[in-house]
Structure formats: structure tokens, C-alpha cells
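Shown next as C-alpha cells: one chain only, the form predicted alone.
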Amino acid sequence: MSNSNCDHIQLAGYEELPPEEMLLRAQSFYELMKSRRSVRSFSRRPVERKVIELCLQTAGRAPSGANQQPWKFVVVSDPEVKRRIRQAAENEERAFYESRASDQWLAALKPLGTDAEKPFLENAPYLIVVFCENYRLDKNGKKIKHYYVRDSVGIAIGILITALHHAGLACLTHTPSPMQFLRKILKRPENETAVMILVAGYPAKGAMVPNLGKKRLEEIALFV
């Protein structure tokens, strides 16, 4: 029995699986996620809103510091708002490629074939703009600090990307820098900071992706 002031309930919904079933599920999920790729060519084909809603609800189940759930997902489908976001993002991207990025950074990006043009910001049916909620205000207007904000939001984004792929959609993480324009365009409050545009939809017919690999298990994990 916990001695905290928070109410507790008995764990429900957990089902212990036989080891062989656990292994099969882990292998099956790995095979699914192995096919996930970042896509930059999107179809204009519409996506049912309910699919996006369920993926966002899944992301909202992520753990967070002190359960403060410091994320806000602004889902953009309006063509005019997407156009404004693209225009502002490309302005920042041009400055990045022309003067802000170091030669080393540009060399790292070269294999991806990226540039300042971002047509996917208009072509994809949905832009999910992710904001960190750095603090909230109580009913008296007092600031309530949030903890582990970036960590918590990062976990939620990872779950959202996984949920979108599991649902059969492609996505792309896009992080123009700086991103203050997103708060202005989307009319978000001062306590929120934009961290990512997650582009979501169907890949364009014949979409191409860079021929890249991932590190092997022994390169990313240690068992001690």
C-alpha cells in the first residue's frame, strides 16, 4: 500500500504471456517497425480524421514527469494554414542552408538529398505540430512548473510515430529552426514551445527514400 496522497487502483489490463508468445510478438512488431521510413513525398489523398485522433490518443498514454502530460498536438488540415506554415518554414530553411548550417552539418545532410523546398507541408493531408507545455496556470493565474518536459514530449512523439506507422500511414519529422513562427500562426499561448512538425499521410505513388541502414543491435545496446 502506497503512503502517498494520490489515490491508487489495482493494475488492470496486464496479461502475462508465455515466453514463446512474447518472443513471437516482439519479432512481429520488430518486423513491422523495420519497414518504417521517413517519407518526403506525400499524396494529397485524404485520411480519415478518426485514424489521427486514435493515434493521438495513443500518444497521450505516454509516461510523463509527475504525470503532467506536457504536450499539445495541433492538427492542421486547413490548406491556407498549411500554406502559411510552408512559407514560414521555407524562409527559415533557406537561411539555414545558406548561412546558418556549418559545412559539416551540410555534409551530413547531403546523402538525404534535402533542401529548403518543403512541398510536403502542403501536400500531406495533416501536419501535427507538437508543442511542449513548459508550465500551466492554476485558476488564480499562478505558474505551475512542469518537469522533464522535453523527455516526456519526446516519448509521446515516439509513440505517435509508431501508432501512425501501425495504422498504415507514412510520416516525417520536420524541425525548421527556429520555430517561433508556429506559435504565432497557430495562436498558441506563451507557455508553449513548438518542437516539431510531424507530417502524416499516405506516401505519394512511387515515393523514393534514401538507401540508408540502421545500426546493428551490438552497436546500440550493451547487456551487463
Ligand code: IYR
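Residue positions are given as counts along the sequence shown, with the first one as 1. In this text the structure is predicted, and so the values were computed from the model without any measurement.
Note that the form predicted together with the named molecule isn't included here; everything after this is about it.
Partner absent here, but in the model of the complex, which of 191-199, 155-163, 47-55, 173-181 has residues with a heavy atom within 4.5 Å of the named molecule? Correct option: 173-181.
Should residue 115 be classed as touching the named molecule in the model of the complex when contacts are defined as heavy atoms within 4.5 Å? Yes, residue 115 sits close enough to the named molecule in the model of the complex that at least one of its heavy atoms falls within 4.5 Å.
Check whether residue 97 has any heavy atom within 4.5 Å of a heavy atom of the named molecule in the model of the complex, and answer yes or no. Yes, contact at 4.5 Å.
Is residue 105 part of the interface with the named molecule in the model of the complex - any heavy atom within 4.5 Å? Yes, residue 105 sits close enough to the named molecule in the model of the complex that at least one of its heavy atoms falls within 4.5 Å.
Evaluate residue 93 for contact with the named molecule in the model of the complex, applying a 4.5 angstroms cut-off between non-hydrogen atoms, and reply yes or no. It does: once the named molecule is placed as it appears in the model of the complex, residue 93 has a heavy atom within 4.5 Å of it.
Considering the named molecule in the model of the complex, which of 81, 109, 75, 144 comes within 4.5 Å of it through any heavy atom? Contact check passes for 109.
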